[in-house]
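The form predicted alone is given below as one chain in structure tokens.
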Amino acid sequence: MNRPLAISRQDHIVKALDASGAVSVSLLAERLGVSRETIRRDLKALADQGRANIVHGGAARGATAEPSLAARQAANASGKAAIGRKAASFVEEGMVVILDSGSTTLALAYALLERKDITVLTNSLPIALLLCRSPGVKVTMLGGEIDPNDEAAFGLDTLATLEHFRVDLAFIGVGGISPEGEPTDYSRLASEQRHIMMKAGQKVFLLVDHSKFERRTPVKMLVVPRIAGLIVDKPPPKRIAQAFMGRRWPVIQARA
């Protein structure tokens, strides 16, 4: 599949869903000049990303529930790996870093496997399990109630642990980036926890793969006044880029 064309089609489908709430396979195939099978593949990709719900004959606007971690890992894996490698380039020996839960931060964890003398604080079970096997990485698990969908801990216990650490860098994921350039999340608890993680870090990087651009999730994320950078795999749309520029948030593009 020609990926740029696929991305363009999927963006068109998402805009159609936002406008009308539902779309049909036959109408999309006619409008975009492709086969129905191609449209069905696009709808499946969007469903895996949580951006659409497949229904008989087409799709409906995506639900507000976040896709499973396994589904997110499979979506845009190469772009997330590139973001992970770029994010890892900012981590120096002796640093204490926060790795938020999520598929893109998990890609960062893989990029940190060979590092020496770093301390990682994370609420993610897969990240903790991966990095605790690396002799150069000391891992502290931020405890709390486990969300099985995210395979990560959330709650008061998670936040209380952060009070005991000095943190150099915080790497935070987002549920989406609104068309107005606002980071958003799927729940108030997740949003507030990520805000506390940001406040703990001397520098904060948001990890945003291009599938999050213009994705609508329901909760606005509170952010700290100064973001050291948004690490992306592809440039954001013009409107979002202008919003980032207005907030003086540097956009750092990772290379594959």
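For the two forms, the rigid core is made up of the largest set of C-alpha atoms that agree within 1.5 Å on superposition. Since this is a predicted model, take the numbers as computed values, not measurements. Residues carry their position along the shown sequence, with the first being 1.
Although not depicted, the form predicted together with another copy of the chain is the subject of the following passage.
Here the chain stands by itself, but in the predicted complex one stretch of 100 to 108, 142 to 150, 82 to 90, 179 to 187, 142 to 150, has heavy atoms within 4.5 Å of another copy of the chain. Taking a 4.5 Å heavy atom cutoff to another copy of the chain in the predicted complex, the contact residue among 27, 196, 219, 224 is 27.
Only one of 113, 77, 125, 159 comes within 4.5 Å of another copy of the chain in the predicted complex through a heavy atom, and that residue is 125. Contact annotation for residue 57: at least one heavy atom lies within 4.5 Å of another copy of the chain in the predicted complex.
In the predicted complex, another copy of the chain lies within 4.5 Å of some heavy atom of residue 133. In the predicted complex, another copy of the chain stays beyond 4.5 Å of every heavy atom belonging to residue 232. The closest non-hydrogen atom of residue 22 lies within 4.5 Å of another copy of the chain in the predicted complex. Taking the rigid core as fixed, one finds a CA shift for residue 227 smaller than 2 Å between this form and the one not shown. Once both forms are fitted on their rigid core, the CA atom of residue 28 lies 2 Å or more apart between this form and the one not shown.
Once both forms are overlaid on the rigid core, the distance between the two CA positions of residue 190 between this form and the one not shown is under 2 angstroms. In the predicted complex, the CA atoms of residue 218 and residue 43 come closer by at least 3 angstroms compared with the shown structure. In the predicted complex, the Cα positions of residue 28 and residue 218 lie at least 3 Å nearer to each other than in the form displayed.
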